[in-house]
Ligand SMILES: Nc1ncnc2c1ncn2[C@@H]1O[C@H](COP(=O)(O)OP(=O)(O)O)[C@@H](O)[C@H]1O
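Given as structure tokens, the chain that follows is alone and in the form predicted on its own.
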Amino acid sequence: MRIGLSFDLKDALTHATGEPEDALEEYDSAETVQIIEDAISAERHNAIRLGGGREFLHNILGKKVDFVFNIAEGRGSYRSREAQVPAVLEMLDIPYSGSDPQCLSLCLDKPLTKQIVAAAGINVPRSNTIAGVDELAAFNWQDFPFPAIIKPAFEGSSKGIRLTSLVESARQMTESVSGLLNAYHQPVMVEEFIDGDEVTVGMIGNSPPQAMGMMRIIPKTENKHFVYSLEVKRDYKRLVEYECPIKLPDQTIKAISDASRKSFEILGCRDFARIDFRINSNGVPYFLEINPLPGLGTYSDLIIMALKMGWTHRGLISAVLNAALKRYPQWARA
């Protein structure tokens, strides 16, 4: 089978004037693309690089492929950017891996995602979304719980989440929100900080999806309020330990597992995803966000978790590919 590989290379893009320092954080490395290409080839398929953006449009129209393995994050700062490549593929009737445009657009919108999972009975932190400075000035924060975490509403890869994103008061929050509104040109979430363990869950497959693993992120040095920020992720080998399998009470693990499967299904995810939780002092998990297009590089949480669970890097990519192919009867046995 001829399998196209759609991706956005970090090195192929440049910062636009006025963009924040982490604007290209989501995009992939050449090493990651090579690993995925090797995994596709190991499954006895022909891998065809399609790239992203205009290059992808040119190649998808000019190169015949039977299927696309998609890791493209999309271009621009639009909340629907992750849906760009899948939408083109659906228009051309080309099957592909991963979630569909509606799911990808929904899950990048953190406030809307939280509304949906909360309506399904999953615990979420209390939050408010601020669309502009006028709204920020008018809001009454008297009853809002602090400390709080401040984050852009439509970003992934911890973009905009820094060590300074944890705020202790309405005054500090106002300054931080104003900065993010100016830097990212999108709404900003002010979210109750759940002061407990951070756990991420890897999901693989469909009907039903399975929890590939759960991983707890533990700071190496004692921290009053640990934030799994961009600075920490960039220096993870020095700053954190990854506990996998996790050592938490059975009832907490079951609650995390149930919430993971339920959120994966109600949001319409397919093939794979990563879901983040914080656990409060009573062992209750709170849904933070879901990534239906998680990174597959050596530095990504999903791959770190997979390796700790006994998978190989190539084996996880093959599992995602085969889960996707099973959704298309014509290719399930290819």
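The model shown is predicted, which means the values in this text are computed figures rather than measured ones. Numbering starts at 1 and follows the sequence shown.
Unshown form predicted in complex with this ligand; subsequent notes refer to it.
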**Request:** Answer yes or no: in the predicted complex, does this ligand come within 4.5 Å of a heavy atom in every one of K151, R278 and E289?
**Result:** yes
**Request:** Check whether E198 has any heavy atom within 4.5 Å of a heavy atom of this ligand in the predicted complex, and answer yes or no.
**Result:** yes
**is_contact(I194, this ligand) in the predicted complex, heavy atom dist at most 4.5 Å** = yes
**Request:** Give a yes/no on whether N206 approaches this ligand to within 4.5 Å in the predicted complex, heavy atoms considered.
**Result:** no
**Prompt:** Do T113 and this ligand come within 4.5 Å of each other in the predicted complex, heavy atoms counted?
**Reply:** no
**Asked** Among T129, S157, Q102, S257, which has at least one heavy atom within 4.5 Å of this ligand in the predicted complex?
**Response** S157
**Request:** Find the only residue in P125, G213, P187, G74 having a heavy atom within 4.5 Å of this ligand in the predicted complex.
**Result:** P125
**Request:** Can you check 157-165, 131-139, 85-93, 178-186 and let me know which stretch has heavy atoms within 4.5 Å of this ligand in the predicted complex?
**Result:** 157-165
